[in-house]
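Single chain ahead, written as structure tokens, the form predicted on its own.
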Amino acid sequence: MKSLSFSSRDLICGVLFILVGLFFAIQAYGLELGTAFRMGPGYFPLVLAGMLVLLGIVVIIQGTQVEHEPMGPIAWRGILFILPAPIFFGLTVRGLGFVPSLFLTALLAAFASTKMRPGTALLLVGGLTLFSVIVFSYALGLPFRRFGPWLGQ
């Protein structure tokens, strides 16, 4: 008979999912829940928190059944490029405007991969920016400035 063994990576991830889910479930109880037909402001966060707890349980259970692989090195480059990107966007979108902020944010995030080359990154970021402007500005008509006051617009 085999002894029960856990993948430390899956155990840590599962426990984190459960803890975050429980935290948000407790916070959602502070809001009015309502019913399934008349949802209150706490209903949807509570449902999502419950789903996160269930996902954590599934991850822990799968961690006991799957062949364990050793945890690889931490991708510091990815962390250092991806995490600041949305913060940069949030801090600059009002001043620079949507187009330059999105362009610079996507450019920053593109270099999280060591395989990304500058030419490819510029093409990718330019296409993403153009697509986003077409969708959010023209198709959806969202009221934001494409170029902000920091650029003299």
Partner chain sequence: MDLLSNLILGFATAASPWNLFFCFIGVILGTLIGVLPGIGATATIAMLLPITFQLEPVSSLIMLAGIYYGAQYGGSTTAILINMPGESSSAVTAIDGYQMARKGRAGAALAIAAIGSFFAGTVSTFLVAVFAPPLTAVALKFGSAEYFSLMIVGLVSSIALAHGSVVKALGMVVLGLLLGLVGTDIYTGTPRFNLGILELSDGLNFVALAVGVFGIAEILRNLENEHDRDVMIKKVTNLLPTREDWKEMAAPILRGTAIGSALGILPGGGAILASFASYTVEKRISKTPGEFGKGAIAGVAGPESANNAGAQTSFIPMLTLGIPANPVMALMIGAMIIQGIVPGPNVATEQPALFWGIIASMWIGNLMLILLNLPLIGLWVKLLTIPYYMLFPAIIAFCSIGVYSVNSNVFDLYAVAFFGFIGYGLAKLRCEPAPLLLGFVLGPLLEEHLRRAMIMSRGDPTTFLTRPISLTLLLLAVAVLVVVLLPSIRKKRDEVFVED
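Only the largest set of C-alpha atoms that superpose within 1.5 Å between the two forms is called the rigid core. Positions refer to the first chain, counted from 1. Quantities reported herein were computed from a predicted structural model and do not represent experimental measurements.
One more form of this protein, predicted together with the partner chain, exists but is not displayed; see below.
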query = Closest heavy atom of Thr64 to the partner chain in the predicted bound form, within 4.5 Å or not?
reply = no
task = Consider Cys13 of the chain shown here, and say whether it contacts the partner chain in the predicted bound form, taking contact as heavy atoms within 4.5 Å.
result = yes
query = Heavy atom to heavy atom, is Leu104 within 4.5 Å of the partner chain in the predicted bound form?
reply = no
inquiry  = Does any part of Phe131 reach within 4.5 Å of the partner chain in the predicted bound form? Heavy atoms only, please.
reply    = yes
query = Looking at the partner chain in the predicted bound form, which residues in 32-59 have at least one heavy atom within 4.5 Å of it?
reply = Ala36, Phe37, Arg38, Met39, Gly40, Pro41, Phe44, Pro45, Leu48, Ala49, Met51, Leu52, Leu55, Val58, Val59
ask   = After the core is matched up, is the C-alpha of Val135 off by 2 Å or more between this form and the one not shown?
value = no
request  = Please say whether, between this form and the one not shown, the C-alpha of Leu123 moves by 2 Å or more once the core is aligned.
outcome  = no
